[in-house]
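There is one chain below, alone, in structure tokens, taken in the form predicted alone.
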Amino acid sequence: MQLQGAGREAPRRLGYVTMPDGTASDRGWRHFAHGADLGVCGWGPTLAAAFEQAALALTAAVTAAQVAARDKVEVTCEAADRELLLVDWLNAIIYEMAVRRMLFGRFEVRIDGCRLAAVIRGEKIDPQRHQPACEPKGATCTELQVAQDARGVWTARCVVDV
């Protein structure tokens, strides 16, 4: 399965992407294939925006349906570096999905060094409406990368076991 964010084609390079109306978007997400697993990648003008977009890619791996921002959950993570912080962040979302039986579609991330605090919003899974395509098991260190390019665009990517 290979999906792209908001119906856009996968960018040839990470960073700015041309939208259907011809304008440039400085944030977005995409999936990339990796064997039986799935890669998620988000990018944005800030590190927090790239993490938010990677989380949207994670949700889009589960459902193509719109996810309502009905319920709020607070999440905190801390790691030794930004790459491990991304893995911890995605795993925290996967944990919340599993224990709360929810999907999340809105992410408000704050990052201070290697500490992350977020408010994530979503709703209980409705199998008929959401039609879950897979169940994420965990974010991995495979193809793990968090970096800022010369234009200042941040990218955050890794492979998720599904």
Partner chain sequence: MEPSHFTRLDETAWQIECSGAMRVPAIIYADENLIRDMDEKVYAQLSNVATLPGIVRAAYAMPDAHWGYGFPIGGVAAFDPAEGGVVSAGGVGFDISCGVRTMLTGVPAHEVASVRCALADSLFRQVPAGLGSEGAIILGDTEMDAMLSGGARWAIAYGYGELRDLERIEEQGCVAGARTDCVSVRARKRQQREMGTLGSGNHYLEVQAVDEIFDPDAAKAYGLVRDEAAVTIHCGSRGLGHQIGTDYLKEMLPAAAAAGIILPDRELASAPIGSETATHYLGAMRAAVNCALANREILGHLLRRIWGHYFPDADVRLLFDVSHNTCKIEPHAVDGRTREFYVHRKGATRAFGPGHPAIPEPLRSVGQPVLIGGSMGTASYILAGMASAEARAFSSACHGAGRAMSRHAAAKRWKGRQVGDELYTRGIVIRSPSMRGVAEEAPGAYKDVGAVVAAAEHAGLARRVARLRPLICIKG
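The shown structure was predicted, so the numbers you read here are calculated from the model rather than taken from an experiment. Residue numbers count along the first chain shown, from 1.
Same protein, other form: the form predicted in complex with the partner chain, not shown, and the subject of what follows.
Exactly one listed residue, out of Met97, Val67, Leu56, Val109, brings a non-hydrogen atom to within 4.5 Å of the partner chain in the predicted complex: Met97. Residue contact check for Arg121: none of its heavy atoms lie within 4.5 Å of the partner chain in the predicted complex.
In the predicted complex, the partner chain stays beyond 4.5 Å of every heavy atom belonging to Ala49.
Although the partner is absent from this view, Asp26 stays clear of the partner chain in the predicted complex, with no non-hydrogen atom inside 4.5 angstroms. Contact annotation for Glu143: at least one heavy atom lies within 4.5 Å of the partner chain in the predicted complex. Of the residues in 75-97, those that come within 4.5 Å of the partner chain in the predicted complex through at least one heavy atom are, in sequence order, Glu78, Asp81, Glu83, Leu84, Asp88, Asn91, Ala92, Ile94, Tyr95, Met97.
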